[in-house]
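This document starts with two versions of one protein chain, written out as structure tokens and named structure 1 and structure 2.
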Structure 1
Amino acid sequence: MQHWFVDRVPDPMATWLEAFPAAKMLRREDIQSLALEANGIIWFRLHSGEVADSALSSVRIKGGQLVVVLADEPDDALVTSALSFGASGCCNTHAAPEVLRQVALVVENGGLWVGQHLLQQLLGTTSRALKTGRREPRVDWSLLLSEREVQVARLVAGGASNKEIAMQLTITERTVKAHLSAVFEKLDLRDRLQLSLRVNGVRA
């Protein structure tokens, strides 16, 4: 699964790369000329003030191509217009890496990703689940760790080996182990696979 991030500027958000290290950046003007395989997700960023229609019209959504809109200021109107244009979802530009992975998970399985507020509107019900205020099931792990430990944890969760992490962060493999030991201790996990499940939200 390849990920392309399309923006007006060539620099990706740090969170995007954290979510998908292998992702590629594209300028909007480049997207036309490039032949993208169908097997991937295009993340199309909409800056503040932009509307979905005019910006997205430059993208030819070919058969099966999945598009997710990253909105600086998402609202229901923007989401619906994005969906009606053929996008598979819409989320916040500054969403955390875990959220982006979750969105990708849903989208690549043929699902649509819409915000809760919109769903509530659409359903028109007094769904309790929408009102229980469960906003923070993920208060957890990243808050318990130091900044460096979070970096290591995310890379591990993405499948990287200690050696790869060491190179990426330009530190010793030994230091990676030290951070990981601290992470395991703090989160009460026994190995990197458990950590991956925790970070990726697959807790069983």
Structure 2
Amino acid sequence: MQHWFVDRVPDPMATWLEAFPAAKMLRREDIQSLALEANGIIWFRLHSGEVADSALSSVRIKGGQLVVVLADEPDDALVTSALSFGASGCCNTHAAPEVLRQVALVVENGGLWVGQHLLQQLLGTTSRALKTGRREPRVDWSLLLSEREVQVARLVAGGASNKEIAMQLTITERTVKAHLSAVFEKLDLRDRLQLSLRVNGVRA
């Protein structure tokens, strides 16, 4: 998959190139003159003080085109705005290479990357709402998982972060990530939101 980093000037950060050595840089004004592949990701940088809607107006997001916003000062409002514009995710401009690769993996597989804080809020709200809302007949997904994986899945569905899960189960965050990867694979899910819906008996 091709990666394009879009900024005011074509001056990539070292972390971007470390994550994706074959990535290409684009100026904002050049983005519409190129026929970008549908199977690529556009990483669009938002500088401090910029508003997502106005900055992203230069990108006409087409069907199948993935856009991830790189924000110098990400917050929940900016993330929400970027997603409403059609972006597949938003993360910090200065994120480590391994985080950028994880973001790419999530959005390539149809998931959304919204940041830990906003995701926890969303999952917590979803979990509370589903307790009183109408749900699909429950499928016993837990039979597909180990006992520990079931514990991790239930905690994720309740809005817990990897760190909180690690502390509660007395395991490392790395182990939590390993269990979560296994859960996603066994249940054929893309992200934490889909997992929350599955655990709560809602058809994703």
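Numbering runs along the sequence of structure 1, starting at 1. Rigid core here is just the name for the largest C-alpha set that superposes within 1.5 Å across the two forms. These figures come from a predicted structure and were not determined experimentally.
Legend: structure 2 corresponds to the form predicted on its own, while structure 1 does not.
After superposition on the rigid core, displacement of the C-alpha of Ser48 between structure 1 and structure 2 stays below 2 Å. Residue displacement note: Ala14 has its CA displaced by under 2 Å between structure 1 and structure 2 (rigid core superposed).
Once the rigid core is overlaid between structure 1 and structure 2, Lys24 does not reach a Cα shift of 2 Å, moving by less than that. In the rigid-core superposition between structure 1 and structure 2, residue position Gly159 carries a C-alpha shift of 34.9 Å.
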